[in-house]
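The data below hold one chain only, encoded as structure tokens and taken in the form predicted on its own.
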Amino acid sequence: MNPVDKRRRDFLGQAAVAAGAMIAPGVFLYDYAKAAAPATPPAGPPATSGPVSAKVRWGMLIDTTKCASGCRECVDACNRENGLPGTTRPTDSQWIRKVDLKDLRSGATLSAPVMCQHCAEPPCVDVCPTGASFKRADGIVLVDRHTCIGCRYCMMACPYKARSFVHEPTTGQKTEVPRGKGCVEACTLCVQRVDRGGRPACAESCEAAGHGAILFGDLNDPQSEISKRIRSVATTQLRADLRTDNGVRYQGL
């Protein structure tokens, strides 16, 4: 046999043995991992609820009779969840703002959180030149920061002043909530939570504080708690005359 061929054969044989040695531990560890895995999954966020579908329309009902003036539970929870600074300078992002209202005839006052209204016919989407502002099939209105050019047409078109422009470099960002200087942003209904089967942070914090002023759910499901409540009490959409068909409804206005 040619010495070169013999060396080549010996080399290939040794390589095969080495490959087997490397593969075998991998198989063993994989089998061991399966055997050692707990019978029930560890505690954590629920699994993704499935693909986005037009069968669902997410929305919120805010009961102003339960919303206390001066309470900031929803605002603070939003800031924590989405990595917002929480300051109120004119240039700072604010996805939820508390608004105090007074009836000039009766003198009655009330307080209510105002955020993106997640319109079925969103003006922000209509005016966006790049398609960065868009509405998901389930009714959540979002901004694609990769295609937002910072023109702020959507801010001018929004009747609710619900959008903010990021003027400065961002810090303390959350992995699931990318933000960036030069982009427009607004309430996302905590889409990162909703897609895991959860609720927006504002709704959870309001309930935890004992107020229960924010109810989140599927407006398309007649059996959902939010749909039943809307059928049983008088509710209002902000600027209903604009016919944007808001996903956020108010009780007690």
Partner chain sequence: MATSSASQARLAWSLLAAGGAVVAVALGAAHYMEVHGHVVTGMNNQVVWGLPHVFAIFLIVAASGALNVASIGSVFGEKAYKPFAPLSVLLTVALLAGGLMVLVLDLGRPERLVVAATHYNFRSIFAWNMILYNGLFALCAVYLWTLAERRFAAAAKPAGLAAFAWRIILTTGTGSIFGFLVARQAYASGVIAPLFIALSLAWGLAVFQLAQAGFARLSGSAMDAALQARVRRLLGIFLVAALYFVVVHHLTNLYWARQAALERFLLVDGAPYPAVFWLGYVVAGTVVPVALVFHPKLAGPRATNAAAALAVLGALAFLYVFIIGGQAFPLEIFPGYEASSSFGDGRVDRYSPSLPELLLGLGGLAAAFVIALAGARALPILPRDEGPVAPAPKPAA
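Residue numbers count along the first chain shown, from 1. From a predicted model like this one, the values you see are computed outputs, not experimental measurements.
There is another form of the same protein, the form predicted together with the partner chain; it is not shown, and what comes next is about it.
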{"item": "P85, heavy atom within 4.5 angstroms of the partner chain in the model of the complex", "value": "no"}
{"item": "Heavy atom of L242 within 4.5 Å of the partner chain in the model of the complex", "value": "yes"}
{"item": "Partner contact for C71 in the model of the complex: the partner chain, 4.5 angstroms, heavy atom", "value": "no"}
{"item": "In the model of the complex, S93 touching the partner chain (heavy atom, 4.5 Å)", "value": "yes"}
{"item": "Members of 139-157 lying within 4.5 angstroms of the partner chain, judged by heavy atom, in the model of the complex", "value": "R145, H146, T147, C148, I149, G150, C151, R152, Y153, M155, M156, A157"}
